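What follows is one chain in structure tokens, specifically the form predicted alone.
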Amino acid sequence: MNGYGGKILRVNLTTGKITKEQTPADVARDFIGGRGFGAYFLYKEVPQGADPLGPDNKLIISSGPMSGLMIPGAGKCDFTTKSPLTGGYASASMGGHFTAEIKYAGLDSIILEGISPKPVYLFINDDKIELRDAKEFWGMGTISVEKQFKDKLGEEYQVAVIGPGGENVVPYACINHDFGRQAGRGGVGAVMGVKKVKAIVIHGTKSIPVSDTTAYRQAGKALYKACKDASFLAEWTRYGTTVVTSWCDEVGALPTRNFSAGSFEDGKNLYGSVMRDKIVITDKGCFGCPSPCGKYSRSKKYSSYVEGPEYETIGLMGSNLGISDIEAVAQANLLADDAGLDTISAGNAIGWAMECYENGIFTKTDTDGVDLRFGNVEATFELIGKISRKEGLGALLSEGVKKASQKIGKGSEKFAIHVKGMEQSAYATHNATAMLLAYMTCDVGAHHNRAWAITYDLQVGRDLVVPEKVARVIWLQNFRPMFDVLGGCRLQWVELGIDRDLYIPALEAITGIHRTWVDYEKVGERIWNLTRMFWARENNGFGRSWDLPAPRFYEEAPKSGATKGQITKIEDVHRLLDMYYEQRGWNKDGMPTPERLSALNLAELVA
């Protein structure tokens, strides 16, 4: 098939058997690749009720038809599994250069099955594929392991690796790559860890077939030219995702002291301009990227280097913890990266613990003597290590804020900022109804990348509860994650304002299939409904109650900042859900109707 590696690689870790099969043409037609392949294989192959940390769960790693080709940002890879954090669908997108090597090795997906009896790493060099002993690497941090593989095998090998957090099966452990890229959310690193896979090391030299080489080159050049000519390119390249830090602070979206407010009194110390001047050394991009948003930084205070921090880490490891020193945030970023922890969930867990401490729910006896007041940098560093080792209070925090608060009780539940068990990413949603709805209905939990709708709140009125806002969220959810399906980065479209229609001739030239964005959005809707059905299949009683946001956003108005005194009423929360379910073609409890499933050609798959 044009645009595809052509093979699915299956690795049975229990038996050591490694096999290949043809990528199914009908699956490529209906689900295209990347996140679509992950959702399909997860639903079809992981048995109902499978333990996320048991042998029946699978880790599905998939590229898309753009992956590894000269299209701006064509370096995205999707990791799908049943989440050990939420018990539902998990999908984590990772940039860098890993996905290109998957395609160059003649593959579209790698599916890890079973559990290895000992630590191993998966070695792939074109058709030479082996499970090799990883005993010498077990217990090591991600950065040193990746460096060792690069030194031993060569720079052309790309590495995806877990740290101690994954080895110790922290439910929000991530998978690291390229010394700073992560498949971060939902615990994909924990699943890799419980399977005893320390790393996947891959290199390929095969060509990717395209339907029309001339048209592909022309379309690719048009996309790169549009990026080069974009008015925002220089500023975006200079600051990357940190460009939004100041904006979020100003509009009341910067999480502050466990989301109790959306503006931080010391926020200016964390702005992108401060970070650029103080610690950034150079810019870093992923495969095929003309607008490198990665920032490689050096902290003189801690004598350390790290890629980042990105905005999400600044928000959750900085303002959310009352920390205003960008060097301290960068160091926390480094510690979490090396340990293989998602900085979003870890920052939330530490923020929850700090608020519990300041409200007397935790004492120093509970915290192993650590003073857990907001703003305590050393306490943050210590807890990152404790979480990765599941040691002391870290063992509780490693479970995520939903489970931790249910265990502790004493009113700590109201400090747990999550949806469906996934900690909320770094946008405070006090009186921002579109973004609140986006979090509530996100297919993995409270994550922003599926529908970044907060700008729409600011455009039309942040407190409006109207069908047009709901329609906007649904459109974003159907379209925006398609980049994860296609194997590309959405940021050229989001931040540089590239005309999305420029992608259509490129995709047609690659695959030989003519599709409009209406066609692609229908695929997005199909995937969205399938993952909703996975949640329902795996969780008894799944429905509307699972879509409610953290009570903080409808019970407690911020006492300071841009959103001081503002709140979204609980009745408006339910109005949003009513409109959303109706527009999605779901019933009043939020489940896809048989008619909707039939219209999306899903009835047979979910039967």
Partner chain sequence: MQLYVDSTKCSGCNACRVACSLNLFGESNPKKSALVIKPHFPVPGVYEVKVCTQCGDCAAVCPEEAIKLNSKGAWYVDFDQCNLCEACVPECPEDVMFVRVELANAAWKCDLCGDCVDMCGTSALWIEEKETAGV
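Since we're looking at a predicted model, the values are computed, not measured. Numbering follows the first chain given and starts at 1.
Quick note: we don't show the form predicted together with its partner chain, though the next part is all about it.
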Might V377 be said to contact its partner chain in the predicted bound form, defining contact as any heavy atom within 4.5 Å? no
Consider L233 of the chain shown here, and say whether it contacts its partner chain in the predicted bound form, taking contact as heavy atoms within 4.5 Å. yes
Its partner chain contact in the predicted bound form: T282, any heavy atom under 4.5 Å: yes
For P292, is any heavy atom within 4.5 Å of its partner chain in the predicted bound form, or not? yes
F137, K300 and E391 each touching its partner chain in the predicted bound form (heavy atom, 4.5 Å): no
Candidate stretches 162-170, 529-537, 352-360, 69-77, one within 4.5 Å of its partner chain in the predicted bound form by heavy atom: 69-77
Picking from K386, K278, H97, K196, the single residue whose non-hydrogen atoms come within 4.5 angstroms of its partner chain in the predicted bound form is H97
Exactly one of C286, V201, L335, A506 has a non-hydrogen atom within 4.5 Å of its partner chain in the predicted bound form; which residue is it? C286
Those residues of 185-210 which, in the predicted bound form, come within 4.5 Å of its partner chain by heavy atom: H203, G204, T205, K206, S207, I208
